[in-house]
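This document starts with one chain, in the form predicted alone, laid out as structure tokens.
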């Protein structure tokens, strides 16, 4: 099972000090978080994609390319690649290039994006969000698997005898996760292709997450990719940990209360009870994460945590990553207990390459 961190790249005022970091500071800080995540033994670092304030990561491939040059082991991913407003041809070429630069340490998560004004900025209409996601990914899937593509659709100009360059490393496309909070069509899409499905469960009750993941698992099996419990599932949550729970609650509360996401709604205590927000002592956090098997309707492959949003100070974020480095070995041991042998690990470039070689050898 993979554990890691993800960032949405928000540039937010610290509600305690009132200080807002610059975009430059946040960009440099996120790179430092990725390097520290590798140093403490985490498996994955992911960055979002946004094209509107108060967010800074408009070019995930640029940032991840820099991180790739400064790390050696950690898998680099996106916590959203906008399949709706990006040209699938550009996605195919950008992420194949990144895959080569990172020696295969790349996967990505497709998302529709829910910020209405972004769509017209890129010549699209948010009312076409689902059809765009379906059509654009169908083209991207082919671009990575066919050397020459002829294609015609609704949302972009046709392609005639087109070859995306560079070709994927070793002929193996980056593994794709499809991220969705509320759209069953995206769970269906992930299942159809046999890709991964990642649910950001931090704002939703367990029952909702279970329904979405269970739908994906059933459809994954329906399309013949394996049994339902072999479907590739990821979850995302937000974490804040201190040595004791009282300190964690006290310190996190002003960030929660001032958040445009959390503030003005249910209280911190109610949110902790009803959702996957994790605030507490290391043991409390471990116990809550182990219970995420219920959210995922079984054993799953990837768990990522947001630790740097809401204006949290840089040093505080570093301490959260260090705490994860101590928590994750416990989680690995506990999640391994009773995990069926036929439940796969999260795909990596190395595992996909080995599987392809095994298939070739078996066919001889």
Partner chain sequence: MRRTLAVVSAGLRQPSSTRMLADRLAGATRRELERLGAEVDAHPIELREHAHDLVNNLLLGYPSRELQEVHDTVARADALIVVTPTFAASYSGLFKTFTDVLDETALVDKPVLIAATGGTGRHSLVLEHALRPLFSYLRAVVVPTAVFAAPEDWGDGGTAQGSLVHRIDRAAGELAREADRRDPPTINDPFADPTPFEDLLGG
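Residue numbers count along the first chain shown, from 1. Please read these numbers as outputs of a predicted model, since none were measured by experiment.
There is another form of the same protein, the form predicted in complex with the partner chain; it is not shown, and what comes next is about it.
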| Single option in 232, 143, 212, 236 placed near the partner chain in the predicted bound form, where near means a heavy atom within 4.5 Å | 212
| task | Check each of 85, 275, 284, 258 and return the one that places a heavy atom within 4.5 angstroms of the partner chain in the predicted bound form. | result | 275
| said: in the predicted bound form, is there a heavy atom of the partner chain that lies within 4.5 Å of any heavy atom of residue 264, even though the partner is absent here? | reply: yes
| message | Considering non-hydrogen atoms and a 4.5 Å limit, does the partner chain approach residue 268 in the predicted bound form? | response | no
| said: Residue-level contact is defined here as any heavy atom of the residue lying within 4.5 Å of the partner chain in the predicted bound form; does residue 72 satisfy this criterion? | reply: no
| task | Using a 4.5 Å heavy atom cut-off, state whether residue 249 contacts the partner chain in the predicted bound form. | result | no
| request: Given that the partner is absent here, state which listed stretch (160 to 168, 179 to 187, 105 to 113, 86 to 94) has heavy atoms within 4.5 Å of the partner chain in the predicted bound form. | output: 179 to 187
| Within 4.5 Å of the partner chain in the predicted bound form: residues from 197 to 212 (heavy atom criterion) | 203, 204, 205, 207, 208, 211, 212
